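In the form predicted on its own, a lone chain appears below as structure tokens.
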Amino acid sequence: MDALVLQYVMNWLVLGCIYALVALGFSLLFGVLNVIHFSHGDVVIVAPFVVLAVLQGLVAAMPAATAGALALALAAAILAVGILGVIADWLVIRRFRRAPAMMALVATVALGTVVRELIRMFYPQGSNPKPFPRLIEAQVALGGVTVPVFSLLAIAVSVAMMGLLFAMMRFTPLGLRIRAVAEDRATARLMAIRPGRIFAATFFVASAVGAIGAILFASYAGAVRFDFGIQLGLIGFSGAVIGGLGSMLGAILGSLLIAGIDVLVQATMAEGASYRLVFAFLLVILVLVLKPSGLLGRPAIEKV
């Protein structure tokens, strides 16, 4: 395979996997709560900032423990963002579960703005982009072509997380309870399932998985900024919409399609990097016009 073609394919797979981790959070939360959590992108982008803060503190305290410090910083960031997702639900989102959808949408948009401004306020020089390290710098020969190990790592981690998420939803008691609450909350209560706890668990899982995607995104870009969550959230949400909100498989498919458009535009157009999102969102419009429920979504049927 030509080296340039392989590079484009790797970029497509890496971006598609990263977008899918964020899109899965949107799809999972919508499937359980029937709420579009528009601050999801801003919540998960906190993860790279936690990584940088913890890493700086640990390296200052233990200069020789760089690899261990990075692993600890990654674990701390994923856990912290998972807890932040639960806090966001407890403080804001749960109060709109029985409210009209527009109220929850506006509330989560406002929550995202608050999260962004808190990052800018409390992180040192929070308005400026922060260099973010590659999780691994090595390269490997693949079919006679040199490929960054980070790309293989990002794909492997993303696929593993997707597999674990599908397995959790299918084969664990928590997954069974999440599906029961998503299907019928009243009946779930009769089966001694507490929806409040399930909502908290769902927010933790969705936010933690999204945090992994945000860390990979920052490492792929080589930098992170307080407002990166806007773009990452919009792309993740668009992937979920294209695939069909509530469908985890659809979120993955939609993310791969958006990443494919992204890479294709950059590869074939002059100044393609400036217009890649234009074509990505045109794809969203086209899918919604032709199939409003998404590629794998189920049309909503309302009795009147």
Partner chain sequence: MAAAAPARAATLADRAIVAAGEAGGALILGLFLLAEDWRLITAVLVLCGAGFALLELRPAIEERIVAAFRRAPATALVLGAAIVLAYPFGMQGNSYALHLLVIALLYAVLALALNFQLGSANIPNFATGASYGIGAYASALLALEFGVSFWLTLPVAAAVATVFGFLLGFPSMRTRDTYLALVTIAFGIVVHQLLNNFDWTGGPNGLVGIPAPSILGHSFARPIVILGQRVPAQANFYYLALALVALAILAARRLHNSRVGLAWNALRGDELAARCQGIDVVWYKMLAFAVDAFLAAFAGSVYAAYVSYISPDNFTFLVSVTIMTMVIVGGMDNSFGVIVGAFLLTLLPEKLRIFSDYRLLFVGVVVILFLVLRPQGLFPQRPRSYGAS
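Residue numbers count along the first chain shown, from 1. Throughout, rigid core stands for the largest set of C-alpha atoms superposing within 1.5 Å between the two forms. The structure displayed is predicted, hence computed values, not measured ones.
Below, we turn to the form predicted together with the partner chain, even though it does not appear here.
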Worksheet entry | Non-hydrogen atom contact residue 113 with the partner chain in the model of the complex at 4.5 angstroms | yes
Worksheet item: Is there a non-hydrogen atom of residue 237 within 4.5 angstroms of a non-hydrogen atom of the partner chain in the model of the complex?
Response: yes
Worksheet item: Can residue 284 be called a contact residue for the partner chain in the model of the complex at 4.5 Å between heavy atoms?
Response: yes
Discussion item. Residue-level contact is defined here as any heavy atom of the residue lying within 4.5 Å of the partner chain in the model of the complex; does residue 49 satisfy this criterion?
Written reply: no
Worksheet item: Which one, 92, 182, 169, 72, lies within 4.5 Å of the partner chain in the model of the complex by heavy atoms?
Response: 92
Worksheet item: the partner chain isn't shown here, but in the model of the complex which of 79, 156, 106, 164 has a heavy atom within 4.5 Å of it?
Response: 106
Fill in: Partner-facing stretch of 172-180, 206-214, 92-100, 188-196, counted where any non-hydrogen atom is within 4.5 angstroms of the partner chain in the model of the complex
92-100
Fill in: Residues of stretch 16-41 in contact with the partner chain in the model of the complex (4.5 Å, non-hydrogen atom)
30, 36, 38
Worksheet item: Would the C-alpha of residue 272 be classed as shifted by 2 Å or more between the shown form and the other one after rigid-core alignment?
Response: yes
